[in-house]
Every structure is written in C-alpha cells, then in structure tokens.
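There is one chain below, alone, in structure tokens, taken in the form predicted on its own.
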Amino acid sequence: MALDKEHLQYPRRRYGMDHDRYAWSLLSRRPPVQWPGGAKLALWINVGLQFFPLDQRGKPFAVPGGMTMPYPDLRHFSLRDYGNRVGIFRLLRALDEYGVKPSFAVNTQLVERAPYLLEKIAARGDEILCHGWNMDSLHYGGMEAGEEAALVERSLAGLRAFSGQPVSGWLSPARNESEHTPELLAANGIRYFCDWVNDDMPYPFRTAAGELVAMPLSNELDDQFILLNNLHSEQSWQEQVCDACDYLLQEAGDDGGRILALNIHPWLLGQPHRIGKLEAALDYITRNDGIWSAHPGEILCAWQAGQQNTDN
C-alpha cells in the first residue's frame, strides 16, 4: 500500500541538514581565510585534562576511555591518574621544545582532585576550555533541563574562579550533548564549542540564547580515537597527523587558510613508549613554512575578522 502524501511533508526538509542551527554551505565555495602573517595553516593542539571517577555511573552510556572492568577497576583508574601525575609533564616539555601553544580542556573536578596541576597550567597563561565537570557527568538527550543547567553553571563557575580566565570555550565530555546544551553554553558566556566535527573550519552556530561558533577540533586525528577505537599503532597516528598536515598545507595554498587541530591526552601520548611519536609529529609539522601555532581563541578572532572583512 502506498504511503499517504502527508508522510512526505516535513516543514524543515531542505538541502543539507533538517534544522536551523547553521547555514549549510560547501567549504570549497566559501571565501578564503587569511591567517596572521600570511600563514597557511593554523596549528591548534588541545590537551585533555580529565578525571574518570572510579565509581562511574555510565549514564546514559559508558563514557569512552572510562572504566571497563567491575568495580573497583583500579588498573584503568590509575592509568588515567598517571596522565595527570606523570604524562602531562612529558607533553608540556615536548610542546615547549617545539614552540607550540596548546590549549587545555579541563574537567572542573580536577580543581579539587589535582590543584597542583591546575595551578601549573593556569600559570603558563595558555587558554583553558571547560571540559564539563568530569568524564562521567555526561550531557544527553532526555536529561532533566534543570539538572543540566546546574551542571553547566557549576562546571564553568569553578573553572573560571580557579583559573582567573574568562573560559569562553567548551568541549563536552565524550563530545555528547542534549538538545539544550548549545543554549546553556551561550547563556553562560561560552563563545565557541568543539563538539560538532562536521567541518574543517569554524562556522556560526545558532541558539535561542545567542550565537556560538563551532570550532573544528578533529575527532579523526584524536589520539584516543586512533589508538583505542581504531586500534592503530602509535606510528600510524604519527603518519596520519603528518599526512593531514601535508594535505592541508597543499589545500591552503589553493583555497585559503586551514586548521590542523589535534586533540591529545597525557594518559595516552604521555607514556614513555609513545611520547617520541608526538615529538616526531611536532618536529615534522613545525619544520614547514607557513605554520601558525595559536590558541583556539586566537584562531576564532582571526577567522571572525576575516568574515567581517568579507561582509564589508
């Protein structure tokens, strides 16, 4: 039996995605972006500073990278703790050696759990993003609106007070959101967020509480995604990062500035058998001409300035 025609009528049906969150467009048809100093490629390296509770609830799903064995899963819990006690300092040395300016996505509960670490990060002056409360405090569809609002406010207030920074960037735990998350972020002073990975460049994102910008923090080049999800080797991670650098530099030469965004974790790349691959990747990237190492807020400002010039 044929469907009634009413089943095919949908008021939001359109070219692209069926929502009003952003204006759908092809990257290849947008005006070229110019980075400061004529750079071709903006290098953004984000370091995830995370806390995985030992007694995680896993609501509504088990968070990626979290505990996997019956409670108490001390093996995995202590490995995550290793990153915040040992691995992070190897990452900092490597980033500083190659003159790379990182940002840090921080679970606010680390203010209580590892104040020594947050004090060191805040003293560096690098940009800090809020990574939610902890890795088991997920934002998800069906979450009670008041509960999520309180979680966002608590996370941002604690991190802002401790760091002394305005904290205008956000990365949700597990990159997961509810239908209300963007509005809550905009209402609480967030300028950009990194959960959506459907583009290589920033784009305006509409909310009922004001506009956000979606920043392209790659999931495909995330060390956790490559090493734990795809089960690729450390050498493969390095090769994929370098391949992405080569391609984006070539594309930028034809179509305007691009962004190489890497999300890394000290409990993974901070291991002694992996840190050399990060160092090799940084060495390869920074030897290229036309690389601009920048914090995400700096990239956002440069991109917005270019959009204003284009509009004028």
Partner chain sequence: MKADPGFYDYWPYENRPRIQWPGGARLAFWVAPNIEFYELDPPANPFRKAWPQPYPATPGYSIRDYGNRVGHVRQMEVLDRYGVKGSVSLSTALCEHHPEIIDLCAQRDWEFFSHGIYNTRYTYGMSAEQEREMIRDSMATILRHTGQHCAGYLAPALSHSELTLDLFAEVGTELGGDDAGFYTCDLFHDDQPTPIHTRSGKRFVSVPYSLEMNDTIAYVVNKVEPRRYGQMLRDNFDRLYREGADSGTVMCIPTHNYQVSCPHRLRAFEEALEYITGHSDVWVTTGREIARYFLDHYYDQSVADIAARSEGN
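This one's a predicted model, so the numbers in the text were calculated from it and none came from an experiment. Numbering follows the first chain given and starts at 1.
Another form, the form predicted in complex with its partner chain, is not on view; read the next lines as being about it.
Student: Find the only residue in Leu156, Val213, Leu221, Leu92 having a heavy atom within 4.5 Å of its partner chain in the predicted complex.
Tutor: Spelling it out, the residue with a heavy atom inside the cut-off is Leu221.
Student: Identify which of Asn176, Ser163, Asn188, Gln109 has a heavy atom within 4.5 Å of its partner chain in the predicted complex; exactly one of them does.
Tutor: The residue from Asn176, Ser163, Asn188, Gln109 that makes the contact is Asn176.
Student: Is it true that Asp81, Glu144 and Ala280, all three, sit within 4.5 Å of its partner chain in the predicted complex, judged by heavy atoms?
Tutor: Not a single listed residue reaches its partner chain in the predicted complex, so no.
Student: Any idea which of 263-271, 66-74, 24-32, 44-52 reaches within 4.5 Å of its partner chain in the predicted complex, heavy atoms considered?
Tutor: Result of the contact check: 24-32.
Student: Classify Tyr203 as contacting or not contacting its partner chain in the predicted complex by the rule of any non-hydrogen atom within 4.5 angstroms, answering yes or no.
Tutor: Close contact exists here: in the predicted complex, Tyr203 approaches its partner chain to within 4.5 Å, heavy atoms only.
Student: Is Glu119 close enough to its partner chain in the predicted complex to count, meaning some heavy atom within 4.5 Å?
Tutor: Glu119 lies outside the contact set for its partner chain.
Student: Does His232 make contact with its partner chain in the predicted complex, using a 4.5 Å heavy atom cut-off?
Tutor: Because a heavy atom of His232 falls inside 4.5 Å of its partner chain in the predicted complex, the answer is yes.
Student: Contact with its partner chain in the predicted complex for Ser236, defined as at least one heavy atom pair within 4.5 Å: yes or no?
Tutor: It does: once its partner chain is placed as it appears in the predicted complex, Ser236 has a heavy atom within 4.5 Å of it.
Student: Would you mind checking 190-209 for residues with a heavy atom within 4.5 Å of its partner chain in the predicted complex?
Tutor: Stretch hits, in order: Asp195, Trp196, Val197, Asn198, Asp199, Asp200, Tyr203.
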